[in-house]
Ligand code: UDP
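What follows is a single chain, given as structure tokens, in the form predicted on its own.
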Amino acid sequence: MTAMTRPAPTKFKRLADYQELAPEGALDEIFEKADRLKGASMVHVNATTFGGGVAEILDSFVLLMTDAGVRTDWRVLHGTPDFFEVTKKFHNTLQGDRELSFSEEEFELFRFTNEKFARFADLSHDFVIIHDPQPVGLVEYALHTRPWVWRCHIDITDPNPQAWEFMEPFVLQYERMIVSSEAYQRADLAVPQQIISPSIDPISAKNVELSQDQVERILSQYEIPTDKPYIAQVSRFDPWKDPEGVLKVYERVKTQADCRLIFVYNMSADDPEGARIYERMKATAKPYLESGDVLFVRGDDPLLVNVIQRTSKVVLQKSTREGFGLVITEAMWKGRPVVASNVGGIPTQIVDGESGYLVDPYDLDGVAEIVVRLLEDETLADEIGANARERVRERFLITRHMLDYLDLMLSL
């Protein structure tokens, strides 16, 4: 499947572009609060420019916050493949994996990479926001007198003890910790904590409204068959996304409804585990891939992801752990019924039975039953989808996210 040739963008996004999409009064409030912070600067640090929700948020956020009047920069931590093997292990262990352990050499590589970056990166801003475990150690090595905030996007409520014993001393040096859900706040952690939900950009290529002609052209370009309805899961190949479980749900659904399953995935430089799981899934799903009942579609083109989410009859997110799950928000914004696990930050988004369905990720029969019901009852699917879109408009657009960060800066 070949990438489409597209014209270069002709202009940068401005806050005025969101006037018709954001809740009433949101833009006025953003400009009023930003004016109180005139002259202040903010920098965000994460580990990749592409692949994953954090990079997608920052790609729009830094421009819009600067347009509001607060200079906002973005730094990306430099690391070797070995370093990202270690940080992927941190991702898994902090979310509860008890089988993995670390050597002292791995800990030393983590320290060294953070210290090296701190020596040359310009982090002399009024507010420094560090995203996730990869750059958390910068706080120890960078000289600073202004507030530093750790933005934790993953579920650290039951971490691997060895991983948390190493990580906690870094976290304790931050002035504030931000999490995605009330469930993630830790009473035993002596750092002020608050909740800021992630968000989507409604006019990004992944979320912008598309005409029927555009949809059909992209489906044709990427050779996505439309002879039968399809269900989709959009996610990296990650053990917590449970791709094997998604395939087992599909096997149950297919006995009752003739449909196709599409896995939309991407690869990220800070996730070396993804390629290994991809190969394993290719072997597991081989008969379905050969018959065309299951498709693996690489989602590097955001317009392709947009189209598949927009045209799926049902969108799945059968994670066993999930920090928040922006792919759920994206599908809800497109008016699609989402069936997602009742874990982590997902219940923050979905009101069960009203704007989607929350399920036990291990109840494969129960998940399949809801998917079949939505495939068979278009009226129900449309009603759920309409409620989902409105919930995102009210709670999970980037304009609300900006207001939360402006409030954070004012409070600090």
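Quick caveat: nothing in here was measured; it's all calculated off a predicted structure. From 1 onward, residues are counted along the sequence shown.
Note that the form predicted in complex with uridine-5'-diphosphate (UDP) isn't included here; everything after this is about it.
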{"property": "Whether 56, 206 and 322 all lie within 4.5 angstroms of uridine-5'-diphosphate (UDP) in the model of the complex by heavy atom", "result": "yes"}
{"property": "Residue 246, heavy atom within 4.5 angstroms of uridine-5'-diphosphate (UDP) in the model of the complex", "result": "no"}
{"property": "Close approach of residue 234 to uridine-5'-diphosphate (UDP) in the model of the complex, 4.5 Å, heavy atom", "result": "yes"}
{"property": "Interface membership of residue 266, uridine-5'-diphosphate (UDP) in the model of the complex, 4.5 Å heavy atom rule", "result": "yes"}
{"property": "Interface membership of residue 330, uridine-5'-diphosphate (UDP) in the model of the complex, 4.5 Å heavy atom rule", "result": "yes"}
{"property": "One residue of 305, 129, 261, 253 in contact with uridine-5'-diphosphate (UDP), assessed in the model of the complex (non-hydrogen atom, 4.5 angstroms)", "result": "305"}
{"property": "Interface residue in the model of the complex among 326, 294, 339, 163, criterion: non-hydrogen atom within 4.5 angstroms of uridine-5'-diphosphate (UDP)", "result": "326"}
{"property": "Location of uridine-5'-diphosphate (UDP) contact in the model of the complex, chosen stretch of 75 to 83, 141 to 149, 234 to 242, 119 to 127 [non-hydrogen atom, 4.5 Å]", "result": "234 to 242"}
